[in-house]
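This document starts with one chain, in the form predicted alone, laid out as C-alpha coordinates.
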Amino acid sequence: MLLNPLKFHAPQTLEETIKLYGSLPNVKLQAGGTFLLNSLKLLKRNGAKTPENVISLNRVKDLKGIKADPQMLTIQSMTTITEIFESPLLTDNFAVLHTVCRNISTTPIRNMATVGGNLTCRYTWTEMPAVMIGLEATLHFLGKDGTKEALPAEEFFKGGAKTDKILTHVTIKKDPTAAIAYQRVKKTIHVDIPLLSLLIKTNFKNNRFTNTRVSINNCVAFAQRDKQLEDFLNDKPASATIAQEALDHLEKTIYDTRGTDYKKHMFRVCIKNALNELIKKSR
(Lines give C-alpha, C1' and ligand atoms only; values in the text may rest on other atoms or scores of the structure.)
Protein backbone atom coordinates (compact mmCIF):
# COMPACT_ATOMS: atom_id res chain seq x y z
CA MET A 1 0.00 0.00 0.00
CA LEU A 2 1.32 3.43 -1.02
CA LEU A 3 1.36 6.06 1.71
CA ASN A 4 -0.01 9.54 1.22
CA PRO A 5 2.65 12.14 0.33
CA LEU A 6 4.61 13.49 3.31
CA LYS A 7 7.77 15.47 4.06
CA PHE A 8 10.53 13.69 5.95
CA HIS A 9 12.76 15.69 8.30
CA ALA A 10 15.97 14.43 9.90
CA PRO A 11 17.30 17.03 12.38
CA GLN A 12 20.68 16.45 14.01
CA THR A 13 20.28 18.38 17.25
CA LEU A 14 17.63 18.50 19.93
CA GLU A 15 17.33 22.26 19.46
CA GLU A 16 16.60 21.81 15.76
CA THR A 17 14.12 19.04 16.55
CA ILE A 18 12.14 21.20 18.97
CA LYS A 19 12.08 24.07 16.47
CA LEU A 20 10.69 21.81 13.72
CA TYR A 21 8.23 20.09 16.03
CA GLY A 22 6.85 23.40 17.21
CA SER A 23 6.51 24.94 13.75
CA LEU A 24 5.39 22.16 11.41
CA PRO A 25 1.69 21.36 10.96
CA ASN A 26 0.24 17.84 11.26
CA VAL A 27 3.49 16.21 12.36
CA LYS A 28 4.49 12.75 13.62
CA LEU A 29 7.69 11.76 15.40
CA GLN A 30 9.65 8.71 14.26
CA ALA A 31 11.86 6.87 16.72
CA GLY A 32 13.23 3.55 15.47
CA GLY A 33 10.48 3.35 12.87
CA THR A 34 9.38 -0.21 13.59
CA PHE A 35 5.85 0.93 14.54
CA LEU A 36 5.34 4.10 12.50
CA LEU A 37 5.07 2.62 9.00
CA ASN A 38 2.37 0.16 10.03
CA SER A 39 0.58 2.94 11.90
CA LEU A 40 0.51 5.16 8.81
CA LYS A 41 -0.73 2.30 6.65
CA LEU A 42 -3.52 1.61 9.13
CA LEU A 43 -4.54 5.26 9.17
CA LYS A 44 -4.78 5.32 5.37
CA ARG A 45 -6.64 2.01 5.25
CA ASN A 46 -9.21 3.39 7.70
CA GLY A 47 -9.60 6.61 5.76
CA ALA A 48 -8.12 8.68 8.58
CA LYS A 49 -5.91 11.72 8.14
CA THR A 50 -2.21 10.92 7.83
CA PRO A 51 0.62 13.29 8.80
CA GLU A 52 2.01 15.81 6.34
CA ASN A 53 5.37 15.81 8.13
CA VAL A 54 7.46 13.12 9.81
CA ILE A 55 10.39 14.08 12.03
CA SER A 56 12.98 11.33 12.47
CA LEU A 57 14.87 11.41 15.77
CA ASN A 58 17.48 8.96 14.53
CA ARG A 59 20.28 11.49 13.98
CA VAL A 60 19.80 13.40 17.24
CA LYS A 61 22.88 12.39 19.23
CA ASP A 62 21.57 14.04 22.41
CA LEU A 63 18.84 11.38 22.51
CA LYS A 64 21.21 8.40 22.37
CA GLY A 65 23.16 6.54 25.02
CA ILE A 66 22.96 4.89 28.41
CA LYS A 67 24.85 5.89 31.54
CA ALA A 68 24.86 5.17 35.25
CA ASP A 69 26.07 6.79 38.45
CA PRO A 70 25.85 5.50 42.04
CA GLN A 71 22.22 6.65 42.29
CA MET A 72 20.68 6.37 38.85
CA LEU A 73 20.53 4.68 35.46
CA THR A 74 19.71 7.03 32.57
CA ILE A 75 18.61 5.70 29.20
CA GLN A 76 18.21 8.22 26.40
CA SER A 77 15.05 7.67 24.38
CA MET A 78 16.75 6.81 21.08
CA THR A 79 18.92 4.10 22.62
CA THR A 80 18.17 0.88 20.76
CA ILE A 81 17.00 -2.29 22.44
CA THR A 82 20.23 -3.99 21.32
CA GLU A 83 22.33 -1.24 22.92
CA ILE A 84 20.49 -1.67 26.21
CA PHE A 85 20.79 -5.46 25.99
CA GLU A 86 24.56 -5.26 25.45
CA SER A 87 25.22 -2.60 28.10
CA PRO A 88 27.56 -3.59 30.97
CA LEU A 89 25.65 -1.16 33.22
CA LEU A 90 22.71 -3.52 33.77
CA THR A 91 23.51 -4.61 37.32
CA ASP A 92 21.43 -4.88 40.52
CA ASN A 93 17.78 -3.89 39.88
CA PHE A 94 18.68 -2.90 36.29
CA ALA A 95 19.65 -6.48 35.39
CA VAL A 96 16.06 -7.40 34.53
CA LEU A 97 16.31 -5.12 31.49
CA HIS A 98 18.75 -7.60 29.97
CA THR A 99 16.07 -10.32 30.06
CA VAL A 100 13.34 -7.98 28.81
CA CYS A 101 15.40 -6.77 25.86
CA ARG A 102 16.29 -10.31 24.86
CA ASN A 103 12.56 -11.10 24.65
CA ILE A 104 11.78 -8.33 22.19
CA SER A 105 11.19 -9.66 18.69
CA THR A 106 14.19 -10.48 16.47
CA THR A 107 17.74 -9.18 16.19
CA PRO A 108 16.98 -6.90 13.19
CA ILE A 109 14.06 -5.35 15.07
CA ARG A 110 16.11 -4.92 18.26
CA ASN A 111 18.78 -3.16 16.21
CA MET A 112 16.22 -0.56 15.08
CA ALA A 113 13.66 -0.35 17.88
CA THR A 114 14.28 2.16 20.67
CA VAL A 115 13.22 2.37 24.27
CA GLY A 116 11.41 5.64 23.50
CA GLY A 117 9.43 4.11 20.65
CA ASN A 118 8.54 1.07 22.75
CA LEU A 119 7.17 3.28 25.55
CA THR A 120 5.31 5.90 23.51
CA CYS A 121 3.91 3.93 20.54
CA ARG A 122 0.59 3.41 22.37
CA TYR A 123 0.42 -0.29 21.59
CA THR A 124 -0.77 -2.05 24.72
CA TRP A 125 1.30 -5.20 24.20
CA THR A 126 4.85 -3.80 24.16
CA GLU A 127 7.42 -5.16 26.58
CA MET A 128 8.79 -2.11 28.38
CA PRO A 129 5.78 -0.46 30.09
CA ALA A 130 5.17 -3.04 32.84
CA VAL A 131 8.89 -3.24 33.52
CA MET A 132 9.30 0.52 33.80
CA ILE A 133 6.30 0.74 36.13
CA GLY A 134 7.74 -2.07 38.25
CA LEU A 135 11.17 -0.43 38.42
CA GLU A 136 9.55 2.90 39.38
CA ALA A 137 11.07 4.62 36.35
CA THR A 138 10.55 8.29 35.55
CA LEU A 139 9.93 9.43 31.97
CA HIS A 140 11.34 12.82 30.98
CA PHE A 141 9.70 14.90 28.26
CA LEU A 142 10.44 18.11 26.37
CA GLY A 143 7.57 20.20 25.04
CA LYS A 144 7.35 22.11 21.79
CA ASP A 145 8.15 25.29 23.72
CA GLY A 146 11.14 23.70 25.47
CA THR A 147 9.27 23.05 28.72
CA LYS A 148 10.56 20.02 30.63
CA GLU A 149 8.28 17.51 32.35
CA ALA A 150 9.07 14.46 34.47
CA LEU A 151 6.35 11.85 34.90
CA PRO A 152 6.39 8.49 36.73
CA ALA A 153 5.89 5.65 34.27
CA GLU A 154 2.83 4.53 36.21
CA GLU A 155 1.14 7.92 35.74
CA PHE A 156 2.04 8.05 32.04
CA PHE A 157 0.30 4.75 31.33
CA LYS A 158 -2.64 5.59 33.57
CA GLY A 159 -3.19 8.46 31.15
CA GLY A 160 -3.25 6.14 28.15
CA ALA A 161 0.37 6.90 27.15
CA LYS A 162 -0.78 10.13 25.50
CA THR A 163 1.65 12.98 25.02
CA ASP A 164 2.36 15.78 22.56
CA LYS A 165 5.91 16.09 23.91
CA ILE A 166 9.20 14.43 22.99
CA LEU A 167 10.37 11.69 25.34
CA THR A 168 14.04 12.53 25.91
CA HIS A 169 15.15 9.97 28.48
CA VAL A 170 14.20 7.52 31.21
CA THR A 171 15.70 7.41 34.70
CA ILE A 172 15.62 4.53 37.17
CA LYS A 173 16.93 4.75 40.73
CA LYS A 174 19.54 2.20 41.72
CA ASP A 175 18.36 -0.29 44.34
CA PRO A 176 20.99 -2.96 45.05
CA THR A 177 18.80 -4.61 47.73
CA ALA A 178 15.80 -5.17 45.44
CA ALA A 179 14.77 -8.69 44.52
CA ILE A 180 13.04 -8.88 41.13
CA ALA A 181 11.25 -11.60 39.21
CA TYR A 182 9.97 -11.17 35.65
CA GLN A 183 7.64 -13.53 33.82
CA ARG A 184 6.34 -13.40 30.28
CA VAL A 185 4.23 -15.61 28.00
CA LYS A 186 4.35 -15.10 24.25
CA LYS A 187 1.19 -14.99 22.18
CA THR A 188 1.90 -18.00 19.95
CA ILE A 189 4.89 -20.09 18.97
CA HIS A 190 4.91 -18.23 15.65
CA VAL A 191 4.29 -14.66 16.90
CA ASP A 192 6.82 -13.62 19.51
CA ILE A 193 4.90 -10.78 21.11
CA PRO A 194 3.69 -11.10 24.70
CA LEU A 195 0.31 -12.50 25.58
CA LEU A 196 1.01 -11.27 29.10
CA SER A 197 3.89 -10.16 31.29
CA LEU A 198 4.46 -9.23 34.90
CA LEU A 199 7.21 -7.98 37.17
CA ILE A 200 7.35 -8.31 40.95
CA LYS A 201 9.91 -6.24 42.85
CA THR A 202 10.39 -6.37 46.61
CA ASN A 203 12.93 -5.68 49.34
CA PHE A 204 13.21 -8.48 51.87
CA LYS A 205 13.55 -7.30 55.48
CA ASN A 206 13.88 -9.95 58.16
CA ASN A 207 12.80 -12.43 55.50
CA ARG A 208 9.55 -10.54 54.90
CA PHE A 209 8.23 -8.83 51.77
CA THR A 210 8.50 -5.03 52.00
CA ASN A 211 8.02 -2.20 49.49
CA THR A 212 6.51 -4.73 47.10
CA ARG A 213 5.52 -3.58 43.64
CA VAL A 214 3.57 -5.76 41.19
CA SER A 215 3.21 -4.51 37.63
CA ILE A 216 1.02 -6.30 35.12
CA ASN A 217 0.59 -6.14 31.36
CA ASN A 218 -2.48 -8.04 30.20
CA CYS A 219 -1.76 -6.71 26.67
CA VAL A 220 -5.34 -5.48 26.36
CA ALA A 221 -5.21 -2.39 28.59
CA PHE A 222 -2.06 -0.40 29.29
CA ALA A 223 0.28 -1.82 31.92
CA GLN A 224 -0.74 -1.19 35.51
CA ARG A 225 -0.10 -2.19 39.13
CA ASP A 226 -1.91 -4.86 41.11
CA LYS A 227 -2.11 -3.00 44.41
CA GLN A 228 -4.37 -5.64 45.94
CA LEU A 229 -1.64 -8.26 45.55
CA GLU A 230 0.99 -5.77 46.75
CA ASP A 231 -0.98 -5.11 49.95
CA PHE A 232 -1.34 -8.83 50.60
CA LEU A 233 2.35 -9.55 50.13
CA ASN A 234 3.77 -6.67 52.17
CA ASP A 235 5.00 -7.80 55.59
CA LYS A 236 4.28 -11.44 54.77
CA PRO A 237 7.08 -13.96 55.46
CA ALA A 238 8.86 -15.50 52.48
CA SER A 239 7.36 -18.89 53.26
CA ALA A 240 6.94 -21.94 51.08
CA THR A 241 3.18 -21.44 50.99
CA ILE A 242 3.01 -17.70 50.20
CA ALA A 243 2.96 -18.17 46.41
CA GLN A 244 -0.14 -20.37 46.56
CA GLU A 245 -1.83 -18.12 49.12
CA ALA A 246 -1.20 -15.04 46.97
CA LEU A 247 -3.40 -16.38 44.18
CA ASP A 248 -6.47 -15.69 46.29
CA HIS A 249 -5.58 -11.98 46.45
CA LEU A 250 -5.46 -10.89 42.81
CA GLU A 251 -7.18 -7.85 41.37
CA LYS A 252 -9.48 -9.79 39.05
CA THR A 253 -10.39 -6.77 36.92
CA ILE A 254 -6.79 -6.78 35.68
CA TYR A 255 -6.37 -10.47 34.93
CA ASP A 256 -9.86 -11.19 33.62
CA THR A 257 -10.00 -8.33 31.08
CA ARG A 258 -10.85 -10.00 27.77
CA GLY A 259 -8.97 -13.01 29.08
CA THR A 260 -9.43 -16.59 27.93
CA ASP A 261 -9.29 -19.42 30.45
CA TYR A 262 -5.80 -20.20 29.18
CA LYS A 263 -4.62 -16.61 29.71
CA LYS A 264 -6.10 -16.47 33.22
CA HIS A 265 -4.42 -19.77 34.04
CA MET A 266 -1.06 -18.59 32.70
CA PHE A 267 -1.24 -15.43 34.79
CA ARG A 268 -1.63 -17.59 37.89
CA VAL A 269 1.25 -19.80 36.80
CA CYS A 270 3.49 -16.77 36.19
CA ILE A 271 2.64 -15.16 39.53
CA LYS A 272 3.34 -18.39 41.36
CA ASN A 273 6.63 -18.89 39.50
CA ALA A 274 7.70 -15.29 40.13
CA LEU A 275 7.00 -15.52 43.86
CA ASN A 276 8.78 -18.85 44.18
CA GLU A 277 11.77 -17.31 42.40
CA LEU A 278 11.76 -14.40 44.85
CA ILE A 279 11.49 -16.71 47.86
CA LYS A 280 14.66 -18.51 46.70
CA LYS A 281 16.44 -15.15 46.47
CA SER A 282 15.43 -14.29 50.04
CA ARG A 283 17.43 -17.19 51.50
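Quick note: we count residues from 1 along the sequence shown, nothing fancier. Bear in mind the structure is a predicted one, so any value in this text is a computation, not a measurement.
The form predicted in complex with a small molecule is left out here; the points below concern that form.
K.L.:
So which of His98, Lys173, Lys158, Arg184 reaches within 4.5 angstroms of the small molecule in the predicted complex, heavy atom to heavy atom?
P.N.:
Checked against the cut-off, the match is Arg184.
K.L.:
Considering the small molecule in the predicted complex, which of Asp192, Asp92, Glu86, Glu149 comes within 4.5 Å of it through any heavy atom?
P.N.:
Spelling it out, the residue with a heavy atom inside the cut-off is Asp192.
K.L.:
Report yes if all three of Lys236, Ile242 and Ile279 come within 4.5 Å of the small molecule in the predicted complex by some heavy atom, otherwise no.
P.N.:
No.
K.L.:
Can any non-hydrogen atom of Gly32 be found within 4.5 angstroms of the small molecule in the predicted complex?
P.N.:
Answer yes; at least one heavy atom of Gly32 falls within 4.5 Å of the small molecule in the predicted complex.
K.L.:
Whether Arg213 contacts the small molecule in the predicted complex should be assessed with a 4.5 Å heavy atom distance threshold; does it?
P.N.:
No - in the predicted complex, heavy atoms of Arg213 and the small molecule never come within 4.5 Å of each other.
K.L.:
So in the predicted complex, does any heavy atom of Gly134 sit within 4.5 Å of the small molecule?
P.N.:
Judged by the heavy-atom cut-off of 4.5 Å, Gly134 is well away from the small molecule in the predicted complex.
K.L.:
Residue-level question: is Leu36 within 4.5 Å of the small molecule in the predicted complex, judged on heavy atoms?
P.N.:
Yes, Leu36 is a contact residue.
K.L.:
Can you tell me which of 22-30, 253-261, 224-232, 66-74 lies within 4.5 Å of the small molecule in the predicted complex, counting heavy atoms only?
P.N.:
Heavy-atom contact with the partner occurs in 22-30.
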